[in-house]
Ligand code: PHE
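First comes one chain, alone, set out as structure tokens in the form predicted on its own.
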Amino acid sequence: MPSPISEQPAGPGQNQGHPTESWSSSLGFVLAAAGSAVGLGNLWGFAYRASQGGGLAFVVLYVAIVLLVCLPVLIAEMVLGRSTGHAPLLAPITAGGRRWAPLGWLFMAAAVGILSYYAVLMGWTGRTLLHALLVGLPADMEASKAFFASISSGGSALLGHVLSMALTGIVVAAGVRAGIERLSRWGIPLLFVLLLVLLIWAAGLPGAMEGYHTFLLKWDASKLHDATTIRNAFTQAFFSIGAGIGAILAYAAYLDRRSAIPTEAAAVVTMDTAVGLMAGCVTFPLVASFALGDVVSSSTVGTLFIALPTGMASLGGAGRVVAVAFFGLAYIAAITSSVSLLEVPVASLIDRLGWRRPRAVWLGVAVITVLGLPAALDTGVLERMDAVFGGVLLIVGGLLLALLLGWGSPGRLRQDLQASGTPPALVGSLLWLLRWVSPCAISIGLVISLVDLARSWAGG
């Protein structure tokens, strides 16, 4: 039966759900949450947005937003999940009453919307990995464009989308420990190993230092107040960390009451940011060495699926090995993120309707697969879905989370964190950030993002 939901705001510890599953340890949760955060956005989004945003200026904005805005919001999201014990659809109602029901539906819309096109990108990534492993790399830029056209349209794109959703469903259907946690326990360490090997290899390329200086270390102060750079920094931060989607909330509902949430949130943010910076230190030398700057600056798709395979092909057999490692890394990042996105509607169906996990999983897979068909057939649709679901809705979700835990139900945040041993001074600082810093910063970022996005669509 569905859990009872109060019409009035519940105090801490009241109306708490009781998930039947849990993480085996704090490490299991941290790796799963890091897997949710680390995704394709770290690998291709960071390079693309950094190159557009003046390099170091973008990185400075990104890190500031992550530390001052996303980290407090991530902690609030984790508290909301653990303290209520409910899935994303019902947790806001339990904490703040019926007037907060739209936030639960926003979580559902964001997760479903993102996964519906994210699975398309997974399909492209998997197909590129298999081609590099079994066939080889395109010989030149024209061959790369032709190959990408073949995997991003028609039946091939649809098949990749369907198979990616099916694989995601298999993992989530296995459960929290046997599926999601098991994947994260081997996937995240392997991801870091592959990334470290690629970083060391890229540092030895002839254009490595030029790549670092051109993209990562170049300083352009004017970009700090450039609307597109600010929008990109907010989008990258929220999309990369995963705050405002509800995925971390869903995972936190399975947390032990004694877990130190601020420490775990800091570990997730640190790992996610490290992956983004390390990936940049792999991508930028490749771009400089193979003279691919124009392609990277103009297209996220061009960066990952056209420019990099072309550059790697020039290295012969070694380039093919690097390509397999890189796209293997990308697919691991993709699958660990996709399972967290699917868990949002699945956990909500289980929590609200009392369904068994397999039924909720395969209904969710079917619906999301259908919703993703337009993105699979048209990359223009995919890019617009990314801007709306992967950008605007995430930022709105983060804003509402800050308001709910900072103003609507601050006692819930304070009591939950102090009960698990968080120092009162740290709790006070987090509340201050959630009340005064995060809402103001997110509101500014949201307005700038909407205006800049409308301008870019009107101009396009």
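These numbers come from a predicted model, not from an experiment. In this text, residue numbers run from 1 along the sequence as written.
Just so it is clear, the following notes concern the form predicted together with phenylalanine, a form of the same protein that is not shown.
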query: Answer range among 353-361, 309-317, 282-290, 334-342 for contact with phenylalanine, defined in the predicted complex as heavy atoms within 4.5 Å; finding: 334-342
query: Three-residue site F29, L74 and T273 fully in contact with phenylalanine in the predicted complex at 4.5 Å by heavy atom; finding: no
query: 4.5 Å heavy atom contact, A37 to phenylalanine in the predicted complex; finding: yes
query: T94 within 4.5 Å of phenylalanine in the predicted complex, heavy atoms; finding: no
query: is_contact(F239, phenylalanine) in the predicted complex, heavy atom dist at most 4.5 Å; finding: yes
query: Partner contact for G398 in the predicted complex: phenylalanine, 4.5 angstroms, heavy atom; finding: no
